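What follows is one chain in structure tokens, specifically the form predicted on its own.
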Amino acid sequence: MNARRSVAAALSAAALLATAACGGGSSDEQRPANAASPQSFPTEDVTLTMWWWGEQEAPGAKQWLADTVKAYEAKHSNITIKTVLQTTDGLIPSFEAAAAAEQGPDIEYFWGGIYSQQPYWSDSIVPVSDYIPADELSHYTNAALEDTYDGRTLTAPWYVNPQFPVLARTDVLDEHGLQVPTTWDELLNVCDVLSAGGVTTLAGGVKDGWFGGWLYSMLGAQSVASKDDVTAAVRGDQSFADPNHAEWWTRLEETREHGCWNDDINSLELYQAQQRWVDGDAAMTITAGTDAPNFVEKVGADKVTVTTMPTWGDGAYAGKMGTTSQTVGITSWSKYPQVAADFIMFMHTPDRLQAWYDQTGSLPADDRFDMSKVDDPVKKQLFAYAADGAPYLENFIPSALDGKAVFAGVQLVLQGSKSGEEAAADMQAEAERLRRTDRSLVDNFEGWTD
């Protein structure tokens, strides 16, 4: 890997919608001029390996992928596709090791945004737009927003993840004469009332860090004008200590001061605290969008309101839910990138789009999915939020900044060791350090913004 090596290795230390019913294609006629010709599509026996993640947040994905591989292999008798499900903590480190050795998967799963950009900056993937036509890629949700660099689409969106719904138990709130809060003042009042009664308002866990990134995206998006504000701060054209980037830290500090969280939030991992909400010991929690319907089902839809983070800012994204697409890419060492691309396009055919929704209950990242087939009210609401969503801010900062400033800062603010102002200053200092130590960082982010 050359001088464009990304900051992704830092994370090893530490994730619209038209209703047209037509679907994607996987035909030779769709190949762009710079892809393999129909005649060069291999006729010899070919084996591809796909490393992926997603069953953890979209249960049913494993069976869907197995069915999809089986259907594709039935159409192409010379193709064998092996799939390997990765762990959450092992997804990125395993790929980094494979990239260093230039061997491993042909198709790799990437979260969107920075997680699809960094592998390209380190020459670990080839743009999918080298092999998938532009008119096909134009249907893939969030591809242009998150996964395009200097006019080239790097990875292909697979499914949409609304980030992140707030689940409120109306039965718990009703017991205390409270309603679901929609504004910041209302939230702090709910926290005051419930904490006085020994009830947790928001159940969460930041021990493993990930929830810190969620909170940054949900709170920080309310005061920026666009995702370009964030990439500008990474480049140094703005500052993470400026009010539009820093004030969310003060709001986070207020949640601690008002007793909004479970006392052991720093001792619990991301998913552990959510059980408190299921058990009725907390009024609200926050989940991945793909998992929200499962949580609602456990409690009962009549007892739950699905909403967004209460608003404190007046930016364009206040009151909106962030949205991102989880993606797949083609590795730079794959001997058969045109076959990998063909399989990715097969994942977007009409039957596979519908089957994805039927088997996982989550939204495929393709505007050709027939939304009229969605009749579950919770899913309808989530998909509507996704259709009118905001950029998911965590996806637009370097992973090292996320881990060392956001993850760590949230932990320290919630345990009372740092003020919001101090955490904002730390984030700016870390951004400055990254610019000094990684000379490619500014150039990479300038190319992304353009």
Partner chain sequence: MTTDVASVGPAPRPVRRGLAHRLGPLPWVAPAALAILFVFAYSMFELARQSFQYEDAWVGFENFSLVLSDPLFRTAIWHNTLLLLAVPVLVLLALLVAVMLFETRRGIVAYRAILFLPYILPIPVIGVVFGQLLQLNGALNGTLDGLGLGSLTHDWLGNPQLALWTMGGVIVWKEVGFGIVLFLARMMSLPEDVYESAKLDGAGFFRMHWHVTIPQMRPLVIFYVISEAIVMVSWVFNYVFVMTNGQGGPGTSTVVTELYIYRTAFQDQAPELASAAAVLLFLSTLVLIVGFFRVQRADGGTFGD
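What you see is a predicted model; the values in this text were computed from it and never measured. Positions refer to the first chain, counted from 1.
The same protein also exists as the form predicted in complex with its partner chain; that form is not shown, yet it is the one meant from here on.
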Options 405-413, 66-74, 387-395, 43-51; stretch whose heavy atom lies within 4.5 Å of its partner chain in the model of the complex: 405-413
Using heavy atoms only and a 4.5 Å cut-off, decide whether all three of P93, Q118 and N266 touch its partner chain in the model of the complex. yes
Just one of H258, K303, R152, K207 has a heavy atom within 4.5 Å of its partner chain in the model of the complex. Which one? K207
Taking 4.5 Å between heavy atoms as the contact cutoff, choose which of D192, E297, D89, D367 touches its partner chain in the model of the complex. D89
Does any heavy atom of R276 come within 4.5 Å of a heavy atom of its partner chain in the model of the complex? yes
Just checking whether S417 would be counted as a contact of its partner chain in the model of the complex - the rule being heavy atoms within 4.5 angstroms. yes
Might A400 be said to contact its partner chain in the model of the complex, defining contact as any heavy atom within 4.5 Å? yes
Considering only heavy atoms, tell me if Q272 and its partner chain come within 4.5 Å of each other in the model of the complex. yes
Contacts with its partner chain in the model of the complex - residues in 412-448 whose heavy atoms fall within 4.5 Å: L412, Q415, S417, R433, R436, T437, D438, R439, S440
